[in-house]
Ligand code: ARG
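Given next, in structure tokens, is a single chain: the form predicted on its own.
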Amino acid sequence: MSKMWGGRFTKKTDPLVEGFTKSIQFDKKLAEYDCIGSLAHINVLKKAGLLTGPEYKKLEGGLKSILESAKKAPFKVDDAFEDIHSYIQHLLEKKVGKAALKLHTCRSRNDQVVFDTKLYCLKNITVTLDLLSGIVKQLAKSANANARQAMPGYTHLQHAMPVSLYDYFGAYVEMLSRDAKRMSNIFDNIEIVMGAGALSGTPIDSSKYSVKMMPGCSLCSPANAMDAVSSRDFIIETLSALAIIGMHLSRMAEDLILWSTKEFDFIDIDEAFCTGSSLMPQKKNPDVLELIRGNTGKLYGNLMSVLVMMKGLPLSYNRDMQLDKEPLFSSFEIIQQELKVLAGLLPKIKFKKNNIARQLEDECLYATDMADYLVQKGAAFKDAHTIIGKLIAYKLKSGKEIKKMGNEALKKFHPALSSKVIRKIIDPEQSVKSKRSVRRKKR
């Protein structure tokens, strides 16, 4: 196994060191992007006069052949190699011979790995955005399909006020739409550069690094070579955005888990997305949603691991930075898997509208509506709050329904209250309609 370095060394690397430092077991995921980067690099070398026409053609053909293999899953690698860069160099040498020895001219793996990782991020941000878009559309569809369905709204996980399912789903549409915008901004901020060398640039003129590689992606030289090889803020931003998506999906999963319990019993989750118990025959568990909730810890951990790894590193490149890729790969894979699962699960949720309607019979849900009514009749809100609070306390102590109280009993609390007024107020659809401050978007 040949290395991309070693001339200065007189001893073989200890096998323990080789095993400890190698990264090919995970950076093999960058094979496709490494080939794309090498194709761009030989274009630069040709423009700089450092490759002859025949050499360029040989290298181009060899790299394109390896690229085709790298695009096919699984791309088999030899784990004995130090990293994916040295393995592709080895494959190229086997294909084109001595011409491959010129591939690493004016190039460092410090520069190379940043290029590869940025291209990986661009591709996977695009995939994630497509999956996010599908979930947002499904949530909007569910919102529209249940636009007139009211349900209890909660604060502190206690009955608060009636809300619409349209607004409930709409809340997650807003969250995930912001997530998509956040990911799009990161995509736009990632600049694909080459020419930083190890840390100080290369002898090739910066203009030669202007290469159009693919639609929407152009190569340029770095504004600062040390920044190019030693900054990982694009990874940290990506991990942060993925962690926030994970948090939003976890909250949604938790709502669905609660709604599926016997205590709530608002929804039925399709059996195809549930599991059973090895002991209890009756069980139908929302394991998928629980794992979405649980994976959030991994996403947070991935972000924190890279933040902590970077916090004390002097300029420029340090080998610690090798540890940025596993968290990045992990977070993308977790979020993409979760979005794919939710895309199948969400359309098959069935709402148990009769059970929801029973929960909406809780008269305490309409206490704020009663207080608002008294305000409209001239009462100060503090006084209205106290009056309705006493009415609720009387209801709970006496066991009497407010709807069934006569005019005489209601007017003891306030002259504007009557059985006719109360019947009108204690209505979930009316309660939802009465809230006019929200600028509801069409979905």
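Note that this is a predicted model, so its numbers are computed, not measured. From 1 onward, residues are counted along the sequence shown.
Here the subject shifts to the form predicted in complex with ligand ARG, a form of this protein not shown in this document.
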Among 431-439, 19-27, 417-425, 6-14, the stretch whose residues bring a heavy atom within 4.5 Å of ligand ARG in the model of the complex is 19-27
The listed residue (Q337, N144, Q322, S316) that reaches within 4.5 Å of ligand ARG in the model of the complex by any heavy atom is Q322
Exactly one of A100, M370, V113, A180 comes within 4.5 Å of ligand ARG in the model of the complex through a heavy atom, and that residue is V113
Ligand ARG contact in the model of the complex: R107, any heavy atom under 4.5 Å:
no
Restricting to 73-87, the residues within 4.5 Å of ligand ARG in the model of the complex through any heavy atom are D83, H85
